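Quick setup: one chain, the form predicted on its own, written in structure tokens, and binding and motion questions come after.
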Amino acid sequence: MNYTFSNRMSTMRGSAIREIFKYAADPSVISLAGGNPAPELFPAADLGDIATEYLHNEPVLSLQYGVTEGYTPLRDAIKERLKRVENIGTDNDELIVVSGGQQGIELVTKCLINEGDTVIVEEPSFIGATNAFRSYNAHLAGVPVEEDGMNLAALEKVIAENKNVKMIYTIPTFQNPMGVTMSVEKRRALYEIAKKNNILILEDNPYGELTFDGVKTPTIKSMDTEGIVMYSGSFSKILAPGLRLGFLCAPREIVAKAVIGKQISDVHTAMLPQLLAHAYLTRFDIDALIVKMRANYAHKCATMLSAMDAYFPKDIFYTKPRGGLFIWCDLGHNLDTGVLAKKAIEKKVVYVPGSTFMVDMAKPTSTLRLNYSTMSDEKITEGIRRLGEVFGEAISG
């Protein structure tokens, strides 16, 4: 039987990160590839107690269908925290609980993007988002990212050169994959550019809480007076990714349409994870948990950077994040990190080639993404040492 796939899916490629996970499952392999949070930070015992309580005392609430918008007490708790921590939320905003931040991105795309519309993305950018846009046959236009965020001169040029620009997608804080943070000045300027050109902004902020020094940069959504910014948030990095909980805060009209889109996709987000998140937000100190995460990731990032200073060839460029989970490297020398990844696998270490995050994923690149959140100090250092050998051999020829 020959199967003919839809135009939307026929050209889609699977995530290279997920393919790399097959190698990372081997315990002898040092994985510097994924974006998983550190499992030792999961509040598993507390969540287990909450789950037992709800399943015993509230089995119908826990296991029955829920409303598409999300469990109302959880929505209220998220709104309160967004207002307190991020200064997000106006009378024109509403919030929907979604099955991970990825679904929020997909719902926005489903509701707003027609085939052929242009979505402007940072380049490099998160493959989950770019694939969501690709799956609706959007035209992707990339804007280079500098160490203080998107190149705004290039952004204005891309806007001028493309038709039907509907949306700008950005991860302004501890960007995936580069780990850089957009300056406050650029955030304000980006907002003004979008407002001037009647373009929506989708601000994705799964890493914003993970600032090493505790200092937070104002979100673009907190600057929104015109109802042009949609804000995607997640519990994956501050509670546990397996709960598959995220939220979308956006103008009411957009959220109302997203509710309909979600009804088509999965009816509602699973109730038990919502109950777990609500109970944790209201009974426990999630801010104290986040402080532990910040310290853990700051230490691991410093460990990786120290190893890179010691073992990488001296002319390799790499970012020095102030938070989040990722470091971005550029080997230069016209090297192809997709090819070098195979040599790294031979040495039992894996990373993500930079092509994964580009608009043209087939084009070779000398860049790559490293993650430090899940490995021990010893494995981080040894993994970097092995990569230093691979990269050094490739550069020397």
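Here the structure is a predicted model, which is why all the values come from computation and not from measurement. Just count from 1 along the sequence shown to find any residue number.
The same protein has a further form, the form predicted in complex with a small molecule, not shown here; the description that follows concerns it.
Every residue of the trio 101, 126 and 244 has some heavy atom no more than 4.5 Å from the small molecule in the model of the complex. Shown alone, this chain has one stretch from 252 to 260, 203 to 211, 74 to 82, 181 to 189 that lies within 4.5 Å of the small molecule in the model of the complex by heavy atoms: 203 to 211. Taking the partner from elsewhere, residue 169 is found to have a heavy atom lying within 4.5 Å of the small molecule in the model of the complex. The closest heavy atom approach of residue 221 to the small molecule in the model of the complex falls outside 4.5 Å. Among heavy atoms of residue 135, none comes within 4.5 Å of the small molecule in the model of the complex. Residue contact with the small molecule in the model of the complex: residue 130 places no heavy atom within 4.5 Å of it. Residue-level contacts in the model of the complex: of 319, 236, 303, 118, one residue has a heavy atom within 4.5 Å of the small molecule, and it is 236. Site annotation in the model of the complex: the residue of 155, 88, 105, 145 reaching within 4.5 Å of the small molecule with a heavy atom is 105.
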